[in-house]
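Given next, in structure tokens, is a single chain: the form predicted alone.
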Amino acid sequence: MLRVENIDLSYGESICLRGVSLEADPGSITCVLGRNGVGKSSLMRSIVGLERIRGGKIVWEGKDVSAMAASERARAGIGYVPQGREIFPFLTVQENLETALAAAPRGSKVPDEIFELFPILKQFLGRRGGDLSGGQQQQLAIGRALTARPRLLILDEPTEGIQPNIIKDIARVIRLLAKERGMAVVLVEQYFEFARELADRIAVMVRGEVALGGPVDSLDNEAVRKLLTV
């Protein structure tokens, strides 16, 4: 269970997040929506430990992890797929996946389930990451995050620039991870229709704050759309 409680984040004098709260439970998908520049990626980076918050706290499985390094949070079961994928272009698919084993128990190997979820990765194990298509790179980025067997998966705009058939595959995998395997998932998106179809809870950010949030069925769709277009 993830609880983000009233966190603040600043870059110098510039306030990026102000009193942001968010939650994600095992078996559920929480989607963070908002226009560009409202703080969505900064919120994700704060959760995984790549940005140090200035106020509030981040609680994961009952423990305050606010002061933990990113590597410690990864070992505690928090997985991260960054915006832009950030795979290693000169490493093979196999080598990219193995980089995540640093956060797994000693002696671990890449789980077979990665190739069940994304069969194309097994086919291209020896191919360099930079030679994959954008959609294949995104599958690799998600597979890499799953290699460490996280219990919480953070995905920052996983559908950005991806062809529609791959988007459907990614949505299928996200739903399977949450609903069948009990993982807590936090997903950043810009498109409300995609989020509404996939998520259990939605939080809409405006200028570094959560302006609207709650279970999907409880939200006013037009109010959400208005916040995404103003």
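Being a predicted model, the structure only gives us computed values, none of them experimental. Numbering starts at 1 and runs along the sequence shown.
The same protein also has a form predicted together with a small molecule, omitted here; what follows describes it.
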Inset, instruction - Answer with yes or no whether G37 is in contact with the small molecule in the predicted bound form, where contact means some heavy atom within 4.5 Å. - result: yes
Inset, instruction - Look up in the predicted bound form whether S66 has a non-hydrogen atom within 4.5 angstroms of the small molecule, and give yes or no. - result: no
Legend entry - Non-hydrogen atom contact T99 with the small molecule in the predicted bound form at 4.5 angstroms: no
Inset, instruction - Indicate whether the small molecule has at least one heavy atom within 4.5 Å of a heavy atom of T92 in the predicted bound form. - result: no
Legend entry - Contact segment among 166-174, 54-62, 40-48, 23-31, judged by heavy atoms lying within 4.5 Å of the small molecule in the predicted bound form: 40-48
Legend entry - Residues Y11, C16 and Q83 all lining the small molecule in the predicted bound form, heavy atom within 4.5 Å: yes
